[in-house]
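Here you get one chain, nothing else, as structure tokens; it is the form predicted alone.
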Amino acid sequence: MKNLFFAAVLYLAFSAIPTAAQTTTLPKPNMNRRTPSVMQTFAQRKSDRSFSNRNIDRQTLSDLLWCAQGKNREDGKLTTPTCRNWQEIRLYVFDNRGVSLYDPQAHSLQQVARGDHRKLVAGAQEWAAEAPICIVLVNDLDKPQKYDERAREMTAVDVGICTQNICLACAAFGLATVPRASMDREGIRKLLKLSENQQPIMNNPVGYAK
């Protein structure tokens, strides 16, 4: 009985110690990836709402995130333009193991939550949780030097540009996706511990078509 008591005490003590966030360095983007032409990519772009259970490999995920918001110049600027180079859009990747924040400068993923939380992204549309990954775009209004209505408008524009990059990359890579605004915003904000100035705006469930 005493052994069980001490085991329980030790378990509670160690479980209270925060674990370091896991950081995963992604493979370098494959600049020689064979894709359709720009015109063919636009022709193939469409919204898909059904996904197979086929997983997305790490190289494809790496290429997709780089296209969405990767660093493409030595000065740290990105594949997606942002107003005054605020770089205020944060990309969170939800999968069946957890949630990770994409770091475009290091081209890495930092885990910020464990467990499968794709249902928060799906919200009332349960089919979205069937996608292997869901990318949530969060605007960080702490980035602009002056936070006003104009800044809010421009961050919405920047989110739209990033979403389009995701859609076009998916079309080029043979992936299925659809841009969505529907999700459990409050649930996501609590899970990711976002500030009042950080709001989930759009999301893209991504996978292979069923």
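None of these values were measured; they are calculated from a predicted model. A residue's number is simply how far along the shown sequence it sits, counting from 1.
What comes next is about the form predicted in complex with a small molecule, which is not displayed.
Note on contacts: among 53, 40, 47, 50, the single residue with a heavy atom within 4.5 Å of the small molecule in the predicted complex is 47. Interface membership of residue 178, defined by any non-hydrogen atom within 4.5 Å of the small molecule in the predicted complex, is confirmed. Residue contact check for residue 192: none of its heavy atoms lie within 4.5 Å of the small molecule in the predicted complex. Under a 4.5 angstroms non-hydrogen atom cutoff, the small molecule in the predicted complex has residue 125 among its neighbouring residues. Contact annotation: residue 182 falls within 4.5 Å of the small molecule in the predicted complex, judged by heavy atom distances. Heavy atoms within 4.5 Å of the small molecule in the predicted complex map, among the stretches 93-101, 111-119, 125-133, 73-81, onto 125-133 alone.
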